[in-house]
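A lone chain, given as structure tokens: the form predicted alone.
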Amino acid sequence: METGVKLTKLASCAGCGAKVGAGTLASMLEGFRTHKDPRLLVGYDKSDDACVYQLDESTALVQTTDFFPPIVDDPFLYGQIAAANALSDVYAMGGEPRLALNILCLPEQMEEDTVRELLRGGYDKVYEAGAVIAGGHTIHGAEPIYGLAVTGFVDPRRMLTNSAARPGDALILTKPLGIGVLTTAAKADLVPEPVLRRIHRQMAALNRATRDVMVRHDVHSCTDVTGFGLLGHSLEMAQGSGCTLRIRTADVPFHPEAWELADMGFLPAGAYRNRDYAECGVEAGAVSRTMQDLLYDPQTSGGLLLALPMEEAADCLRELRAAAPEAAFIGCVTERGENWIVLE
């Protein structure tokens, strides 16, 4: 849908690149008083994708929220991408989303038809996920913002977290990197239309089928790769698990067009924040600066990073590729070494 005012021109940053840096968040939350509850299995202190609250022996509530400024100009597509991104947090915990609430901020310049298309995109993607949008909240503001608060369910005995990787595990990434670089360059009209269509399809794709595959395997740990980039989210997995993640950069999938653009310096601000946060825990070795930039690049509605036993990796990857053709085996987990992450 063509709109009178380009949505991306109404925002100072785009998609998950707008995310506040992980290090900043940790310092802001430090020292707060919180109630203790043994039923809270995962809280904000875990740096995980969602919180999990146990209801009974076989049922736990999974809750998350995610929202961001427009990353595309088409309002329907923006709604789809924002919804897919929010739903992904529940999938990363091994759960199934059931309810969602709209979160919407509207500047005065947005026309009613544009808002309707945006919301229709969100409803479309939530319907695809088998969940229901049951309400929400809308305010006026300087920039457009859209996303969801999502509630899902998971068997607590099968719940996945980002802090349970084990030495000997294989690492699988399910979507290619480069989204932040490409969407940044797109603002300068430097990305061909076929490439834009490809990354738009990727961002709008649910991680539902990936979740359905991984729960059939003995996956130990999982996180979705979004605003903190592959290295930011890998660092959280490594620290939470008390292990070192070794990443074979030659095997990491990325959009080839993003390499040249990153080499030219088309990096979102979030990539610099991610480097500032994670670099101290990364042994980069001889890996090029351009490759590192792609590993720090903030992803919007990115793929899942899985840690699972090496002996199951081949079968799992084969099944995953039916839903995520570019899924790849990108490294392994080892005993804790000098650095949290080693790039090879």
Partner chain sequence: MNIIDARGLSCPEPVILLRRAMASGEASYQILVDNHASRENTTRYAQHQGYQVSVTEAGGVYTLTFTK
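Since this is a predicted model, take the numbers as computed values, not measurements. Positions refer to the first chain, counted from 1.
A second form of this protein, the form predicted together with the partner chain, is not displayed here; the remarks below concern that form.
Here is the short version: of 143, 155, 263, 124, the single residue with a heavy atom within 4.5 Å of the partner chain in the predicted complex is 263. Proximity to the partner chain in the predicted complex, defined as a heavy atom within 4.5 Å, holds among 139, 188, 250, 134 only for 188. Heavy atoms within 4.5 Å of the partner chain in the predicted complex are found in one stretch of 266 to 274, 69 to 77, 191 to 199, 171 to 179, which is 266 to 274. In the predicted complex, none of the heavy atoms of residue 39 sits within 4.5 Å of a heavy atom of the partner chain. The closest non-hydrogen atom of residue 49 lies beyond 4.5 Å of the partner chain in the predicted complex. Although the partner is absent here, residue 318 lies well away from the partner chain in the predicted complex, with no heavy atom inside 4.5 Å. Taking the partner from the other structure, the partner chain in the predicted complex has a heavy atom within 4.5 Å of a heavy atom of residue 184. In the predicted complex, the partner chain lies within 4.5 angstroms of at least one heavy atom of each of the following residues of 280 to 298: 289, 293, in sequence order.
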